[in-house]
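What follows is one chain in structure tokens, specifically the form predicted on its own.
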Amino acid sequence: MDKLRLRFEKTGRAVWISHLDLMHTMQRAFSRAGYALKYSEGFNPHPQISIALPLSVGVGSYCELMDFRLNGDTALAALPARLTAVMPEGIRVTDCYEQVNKFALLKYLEIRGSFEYDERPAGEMAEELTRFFAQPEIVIEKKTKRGLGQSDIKPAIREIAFEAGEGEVLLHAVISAQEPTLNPALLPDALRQLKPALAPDFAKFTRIENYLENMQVFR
């Protein structure tokens, strides 16, 4: 079949599955569900599957995307349930359809997260975080292929908001997925580097949705 796209969730215990292990998990799931993945040609054939923007270990998602090809025709409507039935806990396939946009056009990620503070009041922290990320530039040190370098992460933050919760500050943001790429982990990193008093004791993030540059949902 032509290139197909899978949309799936990776939550709960599954957030600790690495990208490489996830690829192996997907291959086994297709086999167990009775689907034959198409393989590349050549001396070292491999399944024609690819996942957009691999997640960091510990980050959850409700909007992961994987492209793949199958040998022969199949009923796409039945595929999500059949795959989910053989997946490990925390991975649920929610949709399958023919590819619409190439991964290169995926521009923004909507994320939710929480910053946990053991002793500092969440309401006060939410106000301080809002002021910090409202700065016109946020220049931090980050790893590059050439070593450590300076980078302004502010242009990669399209929207960001903080709200006090029970013992935590809830975050909602829309960040750049590609060119430039902003790993959500750089948000608390920026605090540790530039204003340690605001750095959380623990931070976690979950992807909610993918968008094109015009903020239409990516498919």
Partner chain sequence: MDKRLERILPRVQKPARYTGGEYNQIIKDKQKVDLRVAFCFPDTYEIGMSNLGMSILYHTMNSLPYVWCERVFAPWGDMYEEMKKAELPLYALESGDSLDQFDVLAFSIGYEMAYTTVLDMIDQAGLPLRSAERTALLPLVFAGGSAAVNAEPMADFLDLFVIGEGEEMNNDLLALLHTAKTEGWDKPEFLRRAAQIGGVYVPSLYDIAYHPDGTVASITPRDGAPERVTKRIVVDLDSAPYPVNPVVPSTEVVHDRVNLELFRGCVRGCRFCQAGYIYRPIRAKKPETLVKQGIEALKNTGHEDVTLLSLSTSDYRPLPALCDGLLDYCESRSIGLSLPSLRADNFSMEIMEKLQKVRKSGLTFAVEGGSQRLRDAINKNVTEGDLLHTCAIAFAGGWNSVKLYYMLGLPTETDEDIVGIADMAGRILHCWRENAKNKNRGVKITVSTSCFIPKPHSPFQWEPQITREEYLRRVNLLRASINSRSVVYNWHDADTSVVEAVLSRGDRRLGPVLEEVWKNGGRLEAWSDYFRFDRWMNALDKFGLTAAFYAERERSVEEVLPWDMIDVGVRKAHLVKERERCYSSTLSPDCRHQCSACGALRLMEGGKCDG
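Note that this is a predicted model, so its numbers are computed, not measured. Residue numbers count along the first chain shown, from 1.
If you look for the form predicted together with its partner chain, you will not find it shown, but the lines that follow are about it.
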The one option of 122, 129, 87, 96 with any heavy atom within 4.5 Å of its partner chain in the model of the complex is 87
Selected contact from 172, 154, 28, 69, since only one has a non-hydrogen atom within 4.5 angstroms of its partner chain in the model of the complex: 28
Tell me, yes or no, whether residue 195 is in contact with its partner chain in the model of the complex, where a contact means a heavy atom of each within 4.5 Å. no
Residue 38 within 4.5 Å of its partner chain in the model of the complex, heavy atoms: no
Verify the contact flag for residue 137: yes if a non-hydrogen atom of it lies within 4.5 Å of a non-hydrogen atom of its partner chain in the model of the complex, no if not. no
Although the partner isn't part of this model, could you tell me whether residue 32 comes within 4.5 Å of its partner chain in the model of the complex, counting any heavy atom of the residue? yes
Among 73 to 81, 111 to 119, 97 to 105, 137 to 145, the region lying within 4.5 Å of its partner chain in the model of the complex by heavy atom distance: 111 to 119
So which residues in 7 to 22, when you check its partner chain in the model of the complex, have a heavy atom no farther than 4.5 Å from it? 13, 16, 17, 21
